[in-house]
Every structure is written in structure tokens, then in C-alpha cells.
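There is one chain below, alone, in C-alpha cells, taken in the form predicted alone.
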Amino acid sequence: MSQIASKVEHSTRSSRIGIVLILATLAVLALAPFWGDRQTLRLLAEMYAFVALASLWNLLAGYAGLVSVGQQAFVGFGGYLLFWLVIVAGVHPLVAILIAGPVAAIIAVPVAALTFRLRGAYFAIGTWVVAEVFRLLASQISVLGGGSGISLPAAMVISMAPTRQAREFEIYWLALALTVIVLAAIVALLRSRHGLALTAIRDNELAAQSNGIGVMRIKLIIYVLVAFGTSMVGALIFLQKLRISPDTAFSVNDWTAFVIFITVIGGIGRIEGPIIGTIIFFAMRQTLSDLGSLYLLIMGAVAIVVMLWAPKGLWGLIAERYGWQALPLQRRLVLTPKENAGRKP
């Protein structure tokens, strides 16, 4: 006789294939310094930064329901903290990136205490106001150039690596590693019990709260964690640029509008969405950037078409139609026959 055994699985056939393709792609990208030129490495490192920023914003808005338009506050904060630690405190740039995350997490707590008093569109506007306050404060720091900004001293840059090529390689690998860590941490979080709570909050916040889920506590944790990751990515971005100013560090266009565009067209609430969205965004930027302001109009038109035709994003449309999932988060109950050899008739 046989019995039915059950087990819970995350993986599917498509996800197992997807993981193999992801690992193969990571191996190729890790070797990029040996087959790509300097311009290619810089472009790829920039893409990694946007994948990380969009993935963090996706976690914040797509799962926790916190639609922020002020994440440039933590991008700029991470960049300015890096410059201050390097120039004033004499900290090594790579160590400064590691410090940027915890300090931003601490700063995020009082910011959350203020902005969480707001709801919906008021919360979004409140986060933007906070980012503007950060920008105005940064413009008053005379030791970091005030409103005109400052560049990293050559001696500090050379301390990273003796040659320019070695520095390019170091920053590239750091960008790739940081992005992989961010994505892995998000997947691990969403597969945990906190991930189940986030899914419940995303589907119905009132129902989640009535079932005993600490909605505000979970949202606070996510907000702080996103600030942690966003500031580290921001520090890395401006380490690559070697120069910072208030307008570039706290640019709502560069660090929030483009990030939202990437997440929306790729698929909000999907791990794969920011990756697909980043590829599409950079493909458009590389081919249409010479069109000037028309380029931004085309991007806006694309976003509108995608939101009307595929409200869940391009990857959401593909996943629903074909059932493809590279990184599945849902749990599946799998039933398998189990022989009961020890049982007598």
C-alpha cells in the first residue's frame, strides 16, 4: 500500500533552469574585466547600481506599500558620508562604504518616525521633502565644497589601488558583489516568515493587521533595511564618479524617477522585475539619449503603455502567461506517493 507524503518547495522546473542561467551569467560578468574595455566596465557597474536601487525600492513599495519618492535622500547621504569619512576622517574608501549602511540605518529611524505619520500621497510627498532637507543641509557643509561640491583628493583615490586599471577592476567587482548581496538578502528576507508577513501586507494591510501581524513594525524594519542598502549603493556610485555635489547627490530624477520607471516597466512586486527593467532602461538610454528631451518623452510614453497594457510589468506579464519564475518566492505543497513497506495487510 502507499500513502501520500507532502513537502513544501520553492523551486519549479523553470526556476531551476533560471538559477543555472543566473549562475552562468554571474560567472561571465565576474570575468568582465578580462574581456571588456573600460567603458563597458563603467556601464555595467552603473547598471548594477540601478538594479540594486530598483530592487530596494521594489521591496519598499512593491511589498511594504511604502511608495517613497525621496530615496535620493539616502543615495546622497551615502555619497556625502563617504566623502566626509575619506576627506575629513581619513578612512579608506572601501571601509567608508561599509560604514555608510549602518549610519544610514540609524538616521532612517527618526526619519521614519516623522514620515510614517503620513499616509498615501502625503507619505510620498513627505519623503521628497525630507530629501530636499538633506540636500539643503549638504549644501551648507563647507568642508565638502558647500553648494558647488567637491572631488576626492588624488591621494585618496590612489590609496585604493596603485594603477587606474586596478581601481576600475576593484570598483567593478565591488559593484557586482554589492548588487548580488542586495538581491540575495531580499530573496532570503522574502522567503522568511517576515516575507510572508510582507506578502499579507501587500495583498490586504487591514486583513494582515487583524490577523496579528505587526504592520508598522514590519514597515519600519523594511524602511531601515532599505536605507541601509541604498546608502551603501549611493556611496559606491559616488566613489565611481569621484565627485559629489548637492544637486547630483540628491537628484530626484536620477535616483528616484528612473528607479521607479525601471521597477514599473520591469514588474513591481517581482524580484526579476528590476533586472528586466534596468536592461530595458539602459538599452533605451544608449540608443535614444542623443534625442535630447524627446528621449524623456519616449520613456514616459513607454511607461504609460506598459502600465496600461501590462499593469504588473513586463516580467509580471510573462510570468502569468508562461509560468516562468527565475527566483520563486511562493511556497508550493508537493504531494508524492510514499510506500508503506513496513505495514502488514
Partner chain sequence: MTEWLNVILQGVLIGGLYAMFAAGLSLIFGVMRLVNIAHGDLIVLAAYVALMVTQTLGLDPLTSLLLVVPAMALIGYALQRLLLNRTLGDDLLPPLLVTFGLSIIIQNGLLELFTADSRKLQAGAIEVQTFQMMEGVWVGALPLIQFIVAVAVIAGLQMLFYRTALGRAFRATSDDQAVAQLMGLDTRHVFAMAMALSLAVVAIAGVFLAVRANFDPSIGPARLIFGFEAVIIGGLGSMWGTLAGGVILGVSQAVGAQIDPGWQLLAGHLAFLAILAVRPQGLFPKVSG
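Positions refer to the first chain, counted from 1. Just so it is clear, the model here is predicted, and its values are computed rather than measured.
Although it is not shown, the form predicted in complex with its partner chain is what the next lines describe.
- The candidate site formed by L29, G145 and T163 is entirely out of contact with its partner chain in the model of the complex, as no residue has a non-hydrogen atom within 4.5 angstroms of it.
- Only one segment in the set 29-37, 63-71, 281-289, 312-320 has any non-hydrogen atom within 4.5 angstroms of its partner chain in the model of the complex, and it is 63-71.
- Although the partner is absent here, A301 sits close enough that one of its heavy atoms falls within 4.5 Å of its partner chain in the model of the complex.
- Although the partner is absent here, E205 sits far enough away that none of its heavy atoms falls within 4.5 Å of its partner chain in the model of the complex.
- Within this chain, T179 is remote from the site of its partner chain in the model of the complex, having no heavy atom within 4.5 Å.
- When contacts are judged by a 4.5 Å heavy atom cut-off, L43 does not count as touching its partner chain in the model of the complex.
- For the options L98, A121, A89, L196, the one in contact with its partner chain in the model of the complex, meaning a heavy atom within 4.5 Å, is A121.
- Within 4.5 angstroms of its partner chain in the model of the complex, the stretch 133-165 places a non-hydrogen atom from each of V133, L136, L137, Q140, taken in sequence order.
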